[in-house]
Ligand SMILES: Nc1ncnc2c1ncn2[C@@H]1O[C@H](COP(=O)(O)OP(=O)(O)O)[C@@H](O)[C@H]1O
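Taking the form predicted alone, here's one chain by itself in C-alpha coordinates.
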(Lines give C-alpha, C1' and ligand atoms only; values in the text may rest on other atoms or scores of the structure.)
Protein backbone atom coordinates (compact mmCIF):
# COMPACT_ATOMS: atom_id res chain seq x y z
CA UNK A 1 0.00 0.00 0.00
CA UNK A 2 1.57 3.29 -1.04
CA UNK A 3 2.00 6.01 1.55
CA UNK A 4 -0.10 8.38 -0.55
CA UNK A 5 -3.03 5.95 -0.62
CA UNK A 6 -2.62 5.22 3.09
CA UNK A 7 -2.80 8.88 4.09
CA UNK A 8 -5.86 9.49 1.85
CA UNK A 9 -7.93 6.93 3.78
CA UNK A 10 -9.01 7.65 7.36
CA UNK A 11 -10.58 5.32 9.91
CA UNK A 12 -12.93 7.26 12.17
CA UNK A 13 -14.39 6.17 15.49
CA UNK A 14 -17.39 8.43 16.08
CA UNK A 15 -17.93 7.71 19.75
CA UNK A 16 -20.14 9.23 22.41
CA UNK A 17 -17.13 10.16 24.54
CA UNK A 18 -14.40 10.68 21.93
CA UNK A 19 -13.93 10.96 18.19
CA UNK A 20 -10.73 9.21 17.11
CA UNK A 21 -9.11 9.28 13.67
CA UNK A 22 -6.56 6.76 12.35
CA UNK A 23 -4.50 7.01 9.17
CA UNK A 24 -1.55 5.09 7.76
CA UNK A 25 1.72 6.92 7.28
CA UNK A 26 5.09 5.37 6.48
CA UNK A 27 3.84 1.86 7.25
CA UNK A 28 2.46 2.65 10.73
CA UNK A 29 -0.79 4.07 12.04
CA UNK A 30 -1.10 7.59 13.39
CA UNK A 31 -3.96 8.71 15.61
CA UNK A 32 -5.72 11.91 16.57
CA UNK A 33 -8.42 12.25 19.22
CA UNK A 34 -10.83 14.89 20.49
CA UNK A 35 -13.36 14.73 23.30
CA UNK A 36 -16.88 14.73 21.87
CA UNK A 37 -18.18 17.46 24.17
CA UNK A 38 -18.50 21.22 24.48
CA UNK A 39 -19.36 24.12 26.76
CA UNK A 40 -20.85 27.51 25.93
CA UNK A 41 -19.48 30.73 27.42
CA UNK A 42 -20.55 34.38 26.93
CA UNK A 43 -18.99 36.03 23.91
CA UNK A 44 -16.36 38.73 24.20
CA UNK A 45 -13.80 39.83 21.62
CA UNK A 46 -10.97 39.51 24.16
CA UNK A 47 -11.94 35.93 24.98
CA UNK A 48 -12.17 35.07 21.27
CA UNK A 49 -8.70 36.48 20.64
CA UNK A 50 -7.27 34.61 23.64
CA UNK A 51 -8.75 31.31 22.44
CA UNK A 52 -7.24 31.89 18.98
CA UNK A 53 -3.81 32.53 20.50
CA UNK A 54 -4.02 29.32 22.56
CA UNK A 55 -5.36 27.29 19.57
CA UNK A 56 -8.43 26.24 21.56
CA UNK A 57 -11.10 24.70 19.30
CA UNK A 58 -14.19 26.90 19.29
CA UNK A 59 -16.87 28.52 17.16
CA UNK A 60 -18.96 31.66 17.53
CA UNK A 61 -22.72 31.15 17.85
CA UNK A 62 -24.42 34.53 18.21
CA UNK A 63 -23.63 35.92 21.65
CA UNK A 64 -21.86 32.76 22.86
CA UNK A 65 -18.58 30.99 22.22
CA UNK A 66 -18.84 27.22 21.91
CA UNK A 67 -15.62 25.55 23.11
CA UNK A 68 -15.38 21.96 21.96
CA UNK A 69 -13.03 19.01 22.09
CA UNK A 70 -10.23 18.36 24.56
CA UNK A 71 -10.39 21.81 26.19
CA UNK A 72 -14.09 21.53 27.09
CA UNK A 73 -13.53 19.80 30.48
CA UNK A 74 -11.17 22.54 31.69
CA UNK A 75 -13.66 25.30 30.99
CA UNK A 76 -16.55 23.25 32.39
CA UNK A 77 -14.62 22.74 35.61
CA UNK A 78 -13.69 26.43 35.87
CA UNK A 79 -17.34 27.41 35.49
CA UNK A 80 -18.67 24.53 37.63
CA UNK A 81 -20.77 23.25 34.73
CA UNK A 82 -21.55 19.88 33.24
CA UNK A 83 -20.21 19.49 29.72
CA UNK A 84 -22.80 19.25 26.97
CA UNK A 85 -22.66 16.20 24.72
CA UNK A 86 -23.50 16.05 20.99
CA UNK A 87 -24.23 12.33 21.35
CA UNK A 88 -26.07 10.26 23.93
CA UNK A 89 -26.06 6.46 24.29
CA UNK A 90 -23.97 6.07 21.16
CA UNK A 91 -26.21 8.17 18.87
CA UNK A 92 -26.59 11.77 17.76
CA UNK A 93 -28.62 13.71 20.30
CA UNK A 94 -31.52 15.34 18.39
CA UNK A 95 -32.41 17.41 21.46
CA UNK A 96 -29.01 19.16 21.48
CA UNK A 97 -29.13 22.00 18.96
CA UNK A 98 -25.34 22.33 18.75
CA UNK A 99 -24.71 18.63 17.98
CA UNK A 100 -24.24 18.87 14.23
CA UNK A 101 -21.95 21.93 14.04
CA UNK A 102 -19.80 20.70 16.94
CA UNK A 103 -19.33 17.20 15.52
CA UNK A 104 -18.68 18.60 12.06
CA UNK A 105 -15.93 20.87 13.34
CA UNK A 106 -14.32 18.12 15.41
CA UNK A 107 -14.39 15.70 12.46
CA UNK A 108 -12.96 18.31 10.10
CA UNK A 109 -10.12 19.13 12.49
CA UNK A 110 -9.18 15.44 12.78
CA UNK A 111 -9.69 14.33 9.19
CA UNK A 112 -8.51 17.30 7.09
CA UNK A 113 -5.81 16.33 4.59
CA UNK A 114 -3.36 18.22 2.42
CA UNK A 115 -4.03 15.65 -0.34
CA UNK A 116 -7.62 16.83 -0.86
CA UNK A 117 -10.86 15.32 0.51
CA UNK A 118 -10.02 11.91 2.01
CA UNK A 119 -11.95 8.67 1.97
CA UNK A 120 -13.41 7.93 5.40
CA UNK A 121 -14.52 4.63 6.91
CA UNK A 122 -16.51 5.50 10.03
CA UNK A 123 -17.89 3.37 12.85
CA UNK A 124 -21.59 2.93 13.52
CA UNK A 125 -23.10 1.27 16.60
CA UNK A 126 -25.40 -1.73 16.52
CA UNK A 127 -29.03 -1.45 17.53
CA UNK A 128 -29.70 -2.27 21.19
CA UNK A 129 -30.64 -5.87 21.91
CA UNK A 130 -34.41 -6.52 21.59
CA UNK A 131 -35.02 -2.96 20.39
CA UNK A 132 -36.13 -1.55 17.08
CA UNK A 133 -33.44 -0.13 14.83
CA UNK A 134 -32.97 3.46 16.00
CA UNK A 135 -29.93 4.31 13.88
CA UNK A 136 -31.64 6.10 10.97
CA UNK A 137 -31.27 9.68 12.25
CA UNK A 138 -27.73 9.08 13.49
CA UNK A 139 -26.51 7.53 10.24
CA UNK A 140 -28.25 10.04 7.99
CA UNK A 141 -26.92 13.01 9.96
CA UNK A 142 -23.33 11.79 9.89
CA UNK A 143 -23.55 11.06 6.16
CA UNK A 144 -24.85 14.58 5.56
CA UNK A 145 -21.87 15.99 7.48
CA UNK A 146 -19.48 13.91 5.38
CA UNK A 147 -21.29 14.90 2.19
CA UNK A 148 -21.03 18.60 3.07
CA UNK A 149 -17.29 18.09 3.63
CA UNK A 150 -17.08 16.24 0.28
CA UNK A 151 -15.67 13.05 1.86
CA UNK A 152 -16.23 9.68 0.22
CA UNK A 153 -17.46 7.43 3.01
CA UNK A 154 -18.12 3.86 4.01
CA UNK A 155 -19.40 2.62 7.39
CA UNK A 156 -18.35 -0.32 9.54
CA UNK A 157 -20.08 -1.86 12.55
CA UNK A 158 -18.25 -0.85 15.73
CA UNK A 159 -17.90 -4.37 17.15
CA UNK A 160 -16.64 -5.65 13.79
CA UNK A 161 -14.05 -2.87 13.75
CA UNK A 162 -12.64 -4.39 16.96
CA UNK A 163 -12.43 -7.76 15.22
CA UNK A 164 -10.67 -6.26 12.17
CA UNK A 165 -8.17 -4.49 14.40
CA UNK A 166 -7.30 -7.32 16.79
CA UNK A 167 -8.17 -10.75 15.39
CA UNK A 168 -6.12 -11.18 12.24
CA UNK A 169 -4.35 -14.10 13.97
CA UNK A 170 -7.66 -16.06 14.11
CA UNK A 171 -8.64 -15.14 10.54
CA UNK A 172 -11.05 -12.57 11.96
CA UNK A 173 -13.10 -15.13 13.88
CA UNK A 174 -14.22 -14.24 17.39
CA UNK A 175 -16.11 -11.72 19.49
CA UNK A 176 -15.25 -8.02 19.41
CA UNK A 177 -16.51 -5.86 22.27
CA UNK A 178 -16.22 -2.08 22.38
CA UNK A 179 -17.01 -0.62 25.81
CA UNK A 180 -17.48 3.07 25.07
CA UNK A 181 -19.13 6.03 26.70
CA UNK A 182 -22.72 5.56 25.56
CA UNK A 183 -22.92 1.88 24.58
CA UNK A 184 -21.17 -1.45 24.80
CA UNK A 185 -21.11 -2.84 21.25
CA UNK A 186 -20.74 -6.59 20.64
CA UNK A 187 -20.11 -8.39 17.35
CA UNK A 188 -19.58 -12.08 16.63
CA UNK A 189 -17.53 -12.62 13.49
CA UNK A 190 -16.80 -15.78 11.51
CA UNK A 191 -14.00 -15.52 8.94
CA UNK A 192 -14.47 -11.71 8.84
CA UNK A 193 -18.22 -12.06 8.21
CA UNK A 194 -20.58 -10.55 10.83
CA UNK A 195 -22.75 -13.30 12.30
CA UNK A 196 -24.55 -10.98 14.72
CA UNK A 197 -24.15 -7.65 16.45
CA UNK A 198 -25.98 -5.74 19.15
CA UNK A 199 -25.41 -3.05 21.76
CA UNK A 200 -26.09 -2.62 25.47
CA UNK A 201 -27.05 0.88 26.73
CA UNK A 202 -24.94 0.63 29.88
CA UNK A 203 -21.41 1.91 29.50
CA UNK A 204 -19.13 4.70 30.71
CA UNK A 205 -21.74 7.46 30.85
CA UNK A 206 -24.07 5.21 32.84
CA UNK A 207 -21.28 4.63 35.37
CA UNK A 208 -20.45 8.34 35.60
CA UNK A 209 -24.06 9.46 36.04
CA UNK A 210 -24.85 6.72 38.57
CA UNK A 211 -21.76 7.45 40.67
CA UNK A 212 -22.46 11.18 40.52
CA UNK A 213 -25.97 10.52 41.82
CA UNK A 214 -24.53 8.70 44.85
CA UNK A 215 -21.61 11.03 45.61
CA UNK A 216 -23.29 14.34 44.74
CA UNK A 217 -20.42 15.36 42.44
CA UNK A 218 -20.56 16.41 38.78
CA UNK A 219 -20.51 13.53 36.30
CA UNK A 220 -17.69 15.26 34.42
CA UNK A 221 -15.50 15.18 37.53
CA UNK A 222 -16.36 11.52 38.09
CA UNK A 223 -15.28 10.77 34.51
CA UNK A 224 -11.95 12.53 34.99
CA UNK A 225 -11.26 10.75 38.30
CA UNK A 226 -12.26 7.41 36.75
CA UNK A 227 -9.93 7.86 33.79
CA UNK A 228 -7.01 9.12 35.86
CA UNK A 229 -6.91 6.82 38.87
CA UNK A 230 -9.56 4.08 39.02
CA UNK A 231 -8.50 0.43 39.01
CA UNK A 232 -9.84 -2.87 40.35
CA UNK A 233 -7.43 -3.56 43.21
CA UNK A 234 -9.44 -5.69 45.64
CA UNK A 235 -9.79 -3.00 48.29
CA UNK A 236 -11.35 0.45 48.44
CA UNK A 237 -9.17 3.51 49.03
CA UNK A 238 -12.29 5.62 49.50
CA UNK A 239 -15.99 5.93 48.78
CA UNK A 240 -15.46 6.92 45.15
CA UNK A 241 -13.48 3.74 44.40
CA UNK A 242 -16.12 1.63 46.12
CA UNK A 243 -19.05 3.21 44.25
CA UNK A 244 -17.23 3.03 40.91
CA UNK A 245 -16.62 -0.68 41.48
CA UNK A 246 -20.32 -1.27 42.24
CA UNK A 247 -21.47 0.31 38.99
CA UNK A 248 -18.66 -1.23 36.92
CA UNK A 249 -19.77 -4.65 38.17
CA UNK A 250 -23.37 -3.79 37.28
CA UNK A 251 -22.33 -2.77 33.75
CA UNK A 252 -20.26 -5.93 33.26
CA UNK A 253 -23.13 -8.08 34.53
CA UNK A 254 -25.59 -6.45 32.11
CA UNK A 255 -23.17 -6.94 29.21
CA UNK A 256 -22.64 -10.64 29.95
CA UNK A 257 -26.38 -11.21 30.45
CA UNK A 258 -27.04 -9.66 27.03
CA UNK A 259 -24.37 -11.89 25.45
CA UNK A 260 -25.99 -14.97 27.01
CA UNK A 261 -29.39 -13.99 25.65
CA UNK A 262 -28.17 -13.06 22.18
CA UNK A 263 -25.97 -16.13 21.67
CA UNK A 264 -28.69 -18.44 22.98
CA UNK A 265 -31.62 -17.13 20.97
CA UNK A 266 -30.19 -16.17 17.61
CA UNK A 267 -30.90 -18.40 14.64
CA UNK A 268 -27.95 -16.82 12.90
CA UNK A 269 -25.39 -18.38 15.25
CA UNK A 270 -22.73 -20.09 13.14
CA UNK A 271 -21.64 -23.62 14.04
CA UNK A 272 -18.23 -22.89 15.47
CA UNK A 273 -15.77 -25.75 15.16
CA UNK A 274 -13.46 -24.52 17.90
CA UNK A 275 -13.44 -22.09 20.84
CA UNK A 276 -13.16 -18.42 19.85
CA UNK A 277 -11.46 -15.44 21.51
CA UNK A 278 -13.08 -12.35 22.99
CA UNK A 279 -11.37 -8.97 22.59
CA UNK A 280 -12.25 -6.11 24.95
CA UNK A 281 -11.67 -2.51 23.87
CA UNK A 282 -12.84 1.04 24.48
CA UNK A 283 -12.12 3.57 27.18
CA UNK A 284 -14.48 1.94 29.68
CA UNK A 285 -12.44 -1.29 29.40
CA UNK A 286 -9.16 0.53 30.09
CA UNK A 287 -8.90 0.48 33.93
CA UNK A 288 -6.36 -1.95 35.31
CA UNK A 289 -8.06 -5.20 36.27
CA UNK A 290 -11.09 -4.79 33.97
CA UNK A 291 -10.21 -7.82 31.84
CA UNK A 292 -9.86 -10.04 34.93
CA UNK A 293 -13.12 -8.70 36.38
CA UNK A 294 -14.92 -9.40 33.12
CA UNK A 295 -13.44 -12.90 32.80
CA UNK A 296 -14.42 -13.82 36.37
CA UNK A 297 -18.06 -12.94 35.73
CA UNK A 298 -18.06 -14.53 32.27
CA UNK A 299 -16.63 -17.85 33.50
CA UNK A 300 -19.35 -17.96 36.16
CA UNK A 301 -22.05 -17.52 33.51
CA UNK A 302 -23.56 -20.06 31.14
CA UNK A 303 -22.38 -18.64 27.83
CA UNK A 304 -23.53 -20.95 25.01
CA UNK A 305 -20.27 -20.71 23.02
CA UNK A 306 -16.80 -21.88 24.00
CA UNK A 307 -14.25 -19.15 24.62
CA UNK A 308 -10.54 -19.77 23.99
CA UNK A 309 -9.25 -16.60 25.67
CA UNK A 310 -10.25 -13.13 26.77
CA UNK A 311 -7.77 -10.47 25.78
CA UNK A 312 -7.54 -6.72 26.12
CA UNK A 313 -6.94 -4.83 22.87
CA UNK A 314 -3.43 -3.53 22.30
CA UNK A 315 -4.62 0.07 22.64
CA UNK A 316 -8.25 0.12 23.79
CA UNK A 317 -8.75 3.82 23.03
CA UNK A 318 -7.78 3.56 19.35
CA UNK A 319 -9.00 0.04 18.51
CA UNK A 320 -12.23 1.02 16.75
CA UNK A 321 -10.54 3.73 14.67
CA UNK A 322 -7.78 1.31 13.71
CA UNK A 323 -10.32 -1.36 12.73
CA UNK A 324 -12.19 1.18 10.62
CA UNK A 325 -8.89 2.04 8.93
CA UNK A 326 -8.22 -1.67 8.22
CA UNK A 327 -11.69 -1.98 6.67
CA UNK A 328 -11.23 1.23 4.68
CA UNK A 329 -7.85 0.13 3.29
CA UNK A 330 -9.31 -3.23 2.29
CA UNK A 331 -12.58 -2.02 0.76
CA UNK A 332 -12.04 1.57 -0.43
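Treat the numbers as computed from the prediction; the structure is a model and nothing was measured. Numbering follows the first chain given and starts at 1.
From this point on, the text means the form predicted in complex with the named molecule, which you will not see here.
Q: Closest heavy atom of residue 198 to the named molecule in the model of the complex, within 4.5 Å or not?
A: Residue-level check for residue 198: no, no contact with the named molecule.
Q: Mark residue 180 yes when one of its heavy atoms lies within 4.5 Å of a heavy atom of the named molecule in the model of the complex, and no otherwise.
A: It does: once the named molecule is placed as it appears in the model of the complex, residue 180 has a heavy atom within 4.5 Å of it.
Q: Answer with yes or no whether residue 205 is in contact with the named molecule in the model of the complex, where contact means some heavy atom within 4.5 Å.
A: So residue 205 counts as contacting the named molecule.
Q: Could you confirm whether residue 15 comes within 4.5 Å of the named molecule in the model of the complex, counting heavy atoms only?
A: Judged by the heavy-atom cut-off of 4.5 Å, residue 15 is in contact with the named molecule in the model of the complex.
Q: Sort through 270, 287, 32, 57 and report the residue having a heavy atom within 4.5 Å of the named molecule in the model of the complex.
A: The residue from 270, 287, 32, 57 that makes the contact is 287.
Q: Would 11, 119 and 166 all count as contacting the named molecule in the model of the complex, using a 4.5 Å heavy atom cut-off?
A: No, because 11, 119 and 166 lack any heavy atom that approaches the named molecule to within 4.5 Å in the model of the complex.
Q: Picking from 186 to 194, 100 to 108, 220 to 228, 140 to 148, which part of the chain touches the named molecule in the model of the complex when contact means heavy atoms within 4.5 Å?
A: Contact-bearing stretch, as computed: 220 to 228.
Q: Note that the named molecule is not shown here; using its position in the model of the complex, name the residues of 84 to 113 with a heavy atom within 4.5 Å of it, in sequence order.
A: Nothing in this stretch is in contact.
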